[in-house]
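What follows is a single chain, given as structure tokens, in the form predicted on its own.
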Amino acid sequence: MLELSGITAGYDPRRPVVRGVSLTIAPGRSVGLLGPSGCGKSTLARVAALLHRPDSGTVVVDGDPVRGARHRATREQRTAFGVVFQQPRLAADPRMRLTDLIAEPLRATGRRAEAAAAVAALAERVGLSGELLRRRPHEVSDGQLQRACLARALVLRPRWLICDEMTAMLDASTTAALVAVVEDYRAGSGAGLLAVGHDRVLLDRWCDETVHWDELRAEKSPSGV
């Protein structure tokens, strides 16, 4: 279970962009979070992924309360999440080849020996050739780079996936391909999913349930990220 209770968060404590929001996702379930740009849904997604510490409220992952964000959370909690962001070029080190980008979480957690086999399997899964794996971000398209970012998100076999506008910059065929990869992974692993977006048709087709941002807010918040 992923439980966010009474979350208030932002980037200036005097002007939070999320106020008193609660959201629960059951294991293996997929929830689409729908809302307009600037409403605060991406900030909530970052809190859910343990990348941003809320000003108040609690996050509980599989029954264990989270005591901090980023490296202040336990390794077990951090590695329970795979995250894919909207803009792959902001999420990728431009100096890395795609093969190294995908393997980065394994190396960071001391599992370097698994990297070659894991990258090969995931590259095939997301549709990246060996030739593309040798390229750097500026040498591939946005869609190809987002495929690598999704592979990176899956490489530690997370129990929870956070897809924050993952397909917003992609064409229809690439969108369909990446959603299929996520669902294939979830079918095999039982992972839960929070998919953030502003496309109701996509979220309704993709997720078990779609929730509108206005349904989560305990009180109105100023425009935010």
Partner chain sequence: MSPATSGPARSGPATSGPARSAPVPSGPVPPGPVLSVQNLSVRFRMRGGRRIAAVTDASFELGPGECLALIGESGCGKSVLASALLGLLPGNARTDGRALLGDLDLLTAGERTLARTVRGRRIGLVPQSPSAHLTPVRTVRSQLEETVRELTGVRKAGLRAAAEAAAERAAFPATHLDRHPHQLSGGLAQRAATALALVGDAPLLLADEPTTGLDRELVDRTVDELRRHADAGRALLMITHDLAAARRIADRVAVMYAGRIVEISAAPAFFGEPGPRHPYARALLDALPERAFTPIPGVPPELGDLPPGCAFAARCTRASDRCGTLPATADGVACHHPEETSRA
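The shown structure was predicted, so the numbers you read here are calculated from the model rather than taken from an experiment. Numbering follows the first chain given and starts at 1.
Keep in mind that the form predicted in complex with the partner chain is not shown, yet the notes after this line are about it.
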**Report entry** Any non-hydrogen atom of Asp171 within 4.5 angstroms of the partner chain in the predicted complex
**Finding:** yes
Query raised in the report: Hey, in the predicted complex, does His198 get a heavy atom within 4.5 angstroms of the partner chain?
Result: yes
Query raised in the report: Looking in the predicted complex, any heavy atom of Thr79 within 4.5 Å of the partner chain?
Result: no
Query - Partner contact for Gln86 in the predicted complex: the partner chain, 4.5 angstroms, heavy atom - result: yes
**Report entry** All of His52, Arg125 and Leu154 with a heavy atom within 4.5 Å of the partner chain in the predicted complex
**Finding:** no
Requested in this report: Just give me the single entry in Leu216, Ile25, Val17, Leu202 that has a non-hydrogen atom within 4.5 angstroms of the partner chain in the predicted complex.
Outcome: Leu202
Report summary line: Partner-free chain; cross-checking the partner chain in the predicted complex, the single residue of Ala103, Ala92, Leu132, Ala73 with a heavy atom within 4.5 Å is Leu132
Requested in this report: Just one of 35 to 43, 188 to 196, 154 to 162, 59 to 67 has residues with a heavy atom within 4.5 Å of the partner chain in the predicted complex, so point it out.
Outcome: 35 to 43
